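Only one chain is shown below, in structure tokens, and it's the form predicted alone.
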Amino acid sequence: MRRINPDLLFLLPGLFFIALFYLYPVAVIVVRSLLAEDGGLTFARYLKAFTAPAYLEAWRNSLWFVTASTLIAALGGTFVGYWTAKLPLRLKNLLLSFYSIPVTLSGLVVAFGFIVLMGRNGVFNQILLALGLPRLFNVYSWGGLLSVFPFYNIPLVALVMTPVFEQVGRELVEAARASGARGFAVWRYVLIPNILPGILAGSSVVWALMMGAFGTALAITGFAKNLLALQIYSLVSESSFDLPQADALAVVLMATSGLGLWLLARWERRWRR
């Protein structure tokens, strides 16, 4: 009789946790989205998710918003990580500890903070009005949302990219410059090919977080901006309660997030090779 490795027993709590708090809820969502009122199988809710104008617009808005947010975070976090990696050790460790603070803050707190700063009557607009200039900041627009989420995402990518730049080392950059590479050529031919797996790994984290971004967007814009997460929330609210349709939209959101993560992981493996 084959003996069971006792070390596998230590995996049981983790497997139980995954099954209870991840697999079971996802299975319930999928089953409920496919279950018709008469107990049969139906795909009508998924058809509605991709044909109803409001849901289709929400999916498109979420896709481009998450893509734009991920690109901003990847670019900003990469350059912040590059700058941080060149600092003295004590200062670098201090900044890395500060970079982790935004991730721990509540989305509502950050949203109201940006409203105080960039709202219609926020600090920045009041300063402009005092100087006789028109209001320039509008946190309630798409541009406003794109300016809020980098507060979380750029430090998050910087935490990933700083060790990457430390691993690449200054010697590689100095060797490229000694070989005649200047300016952007150093980034294009030396740094980017070596750090791209790290950029894609950091982008994967941001993509997954942004697909489910909800609290900050709701606090800033309410339902003025049509996003998939906000549509799901509206379907489980008291005004328009439709839990099976919300389940279908949740599956669409998870599938979109999973597809993006799969593409990023595939590119990451390709560049790592």
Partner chain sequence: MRALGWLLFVLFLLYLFLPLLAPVVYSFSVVWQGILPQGFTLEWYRRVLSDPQYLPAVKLSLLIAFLSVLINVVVGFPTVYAVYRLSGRVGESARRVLQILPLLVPPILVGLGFLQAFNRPPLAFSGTLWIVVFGHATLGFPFFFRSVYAGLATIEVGPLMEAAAASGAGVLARLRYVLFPNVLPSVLSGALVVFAISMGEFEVTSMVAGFGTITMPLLLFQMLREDFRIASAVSSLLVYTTLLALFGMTLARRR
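Positions refer to the first chain, counted from 1. Since the structure is predicted, the reported quantities are computational estimates derived from the model, not experimental observations.
One more form of this protein exists, namely the form predicted together with its partner chain; it is left out here, but the text below deals with it.
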item	value
Candidate site 56, 173 and 198: all three near its partner chain in the predicted bound form by heavy atom within 4.5 Å	no
Partner-contacting position among 113, 143, 163, 193 - heavy atom within 4.5 Å of its partner chain in the predicted bound form	113
Residue 187 within 4.5 Å of its partner chain in the predicted bound form, heavy atoms	no
Contact flag, residue 75 vs its partner chain in the predicted bound form, heavy atom cut 4.5 Å	no
is_contact(residue 139, its partner chain) in the predicted bound form, heavy atom dist at most 4.5 Å	no
Residue 168 within 4.5 Å of its partner chain in the predicted bound form, heavy atoms	no
In the predicted bound form, residues of 249-271 near its partner chain [heavy atom within 4.5 Å]	250, 253, 254, 257, 258, 261
